[in-house]
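One chain follows as structure tokens, the form predicted on its own.
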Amino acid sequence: MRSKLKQMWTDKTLYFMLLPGLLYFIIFHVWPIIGMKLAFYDFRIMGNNVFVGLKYFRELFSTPIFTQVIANTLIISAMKMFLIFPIPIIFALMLNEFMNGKFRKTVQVVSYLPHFLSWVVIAGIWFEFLSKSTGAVNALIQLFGFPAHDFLTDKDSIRWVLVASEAWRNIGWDSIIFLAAILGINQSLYEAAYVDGASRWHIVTRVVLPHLYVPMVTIFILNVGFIMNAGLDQVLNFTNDSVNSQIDIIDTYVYRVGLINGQYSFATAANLFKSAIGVTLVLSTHFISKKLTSKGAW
């Protein structure tokens, strides 16, 4: 114990740098867990809250719209997870192949920029991009003789718009972890592969990809844990009356019921259900990964 405390004192600068992040998670992610008990109480503005047990959970599962909301959440999250997950890996591999350092850095910086834009700005850009009358996509479609299509009010298209805009926003940012893992590969492995006559394809498949295995597993497990988070800010900015039935997710349902209608206990029950599913999925995926590959998120 004394040796550990001595080591912590030696690394006190690193622990001090950790402090702001630790405080952020305690204040905004750990402390609110205590407020989740509201799901088991009847909220009263005046006086003490009354314990009602599982009343709001029974009401939640007897509400017909909640089934549709869960289905929308799972479909949108699954589309994002399985379609977007390989893109940052491929992007990092492509960046690693660029021999021109300045060009690679320029591509990296440009690809990072959308991540720092709010969904309000991104939605505005995509509205202009997909506009039926003046959008670049419809101009291209009409150039080939096809009629213009309103992607933003079409129920069959809106989920693909969410996936495409999510990929555009995060492809550069999500590739940082994989690019860092690639740059951390020992150069002697590349030299040994070249001496053995390996082609670039063999180097990518036999040297680079095995070193990306651990970050891929870790990020996939974390993504599974967030499968019930389909993107509140994104959906709120892309939703309209024509497509709301296709993209109404748990978060927008909680926002509408809790903050707009003032049913705080009911909304807390819905959010607690979502969080419990997320934790269960993370633990289950980690357990399966450890059993099958001996690698997990921790």
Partner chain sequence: MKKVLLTSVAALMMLTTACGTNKPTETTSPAATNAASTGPVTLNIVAKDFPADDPNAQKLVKGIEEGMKAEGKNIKLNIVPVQSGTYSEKLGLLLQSGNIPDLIYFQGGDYQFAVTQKILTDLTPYIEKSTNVKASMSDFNKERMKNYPYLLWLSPINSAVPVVRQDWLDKTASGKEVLANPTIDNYYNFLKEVKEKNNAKFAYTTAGNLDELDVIFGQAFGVTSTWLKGADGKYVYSRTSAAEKEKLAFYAKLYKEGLLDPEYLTKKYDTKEKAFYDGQAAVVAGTQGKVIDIYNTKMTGQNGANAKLTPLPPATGKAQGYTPVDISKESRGFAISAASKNKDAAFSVLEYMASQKGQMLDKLGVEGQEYTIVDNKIKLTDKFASWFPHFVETTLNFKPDKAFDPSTPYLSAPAMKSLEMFASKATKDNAFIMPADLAAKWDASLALYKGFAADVVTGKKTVADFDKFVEQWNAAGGKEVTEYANKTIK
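Positions refer to the first chain, counted from 1. Everything numeric here is computed off the predicted structure, so don't read it as measured data. For clarity, a rigid core is taken as the largest C-alpha set superposing within 1.5 Å between two forms.
The following text describes the form predicted together with the partner chain, which does not appear among the structures shown.
- Contact annotation: residue 190 falls outside 4.5 Å of the partner chain in the model of the complex, judged by heavy atom distances.
- Using a 4.5 angstroms limit between non-hydrogen atoms, residue 155 touches the partner chain in the model of the complex.
- Contact check for residue 4: a non-hydrogen atom falls within 4.5 Å of the partner chain in the model of the complex.
- Within this chain, residue 229 is remote from the site of the partner chain in the model of the complex, having no heavy atom within 4.5 Å.
- Shown here without its partner, the chain carries 48, 63 and 127, all of which come within 4.5 Å of the partner chain in the model of the complex through at least one heavy atom.
- The stretch among 145-153, 82-90, 107-115, 177-185 whose residues place heavy atoms within 4.5 Å of the partner chain in the model of the complex is 145-153.
- Taking the partner chain as positioned in the model of the complex, the only residue of 212-238 that brings a heavy atom within 4.5 Å of it is 237.
- Residue 50 shows a C-alpha shift below 2 Å between the shown form and the other one [criterion: core-superposed Cα displacement of 2 Å].
- Relative to the superposed core, residue 65 shifts its CA atom by less than 2 Å between the shown form and the other one.
- Core-superposed comparison between the shown form and the other one: the Cα of residue 276 travels less than 2 Å.
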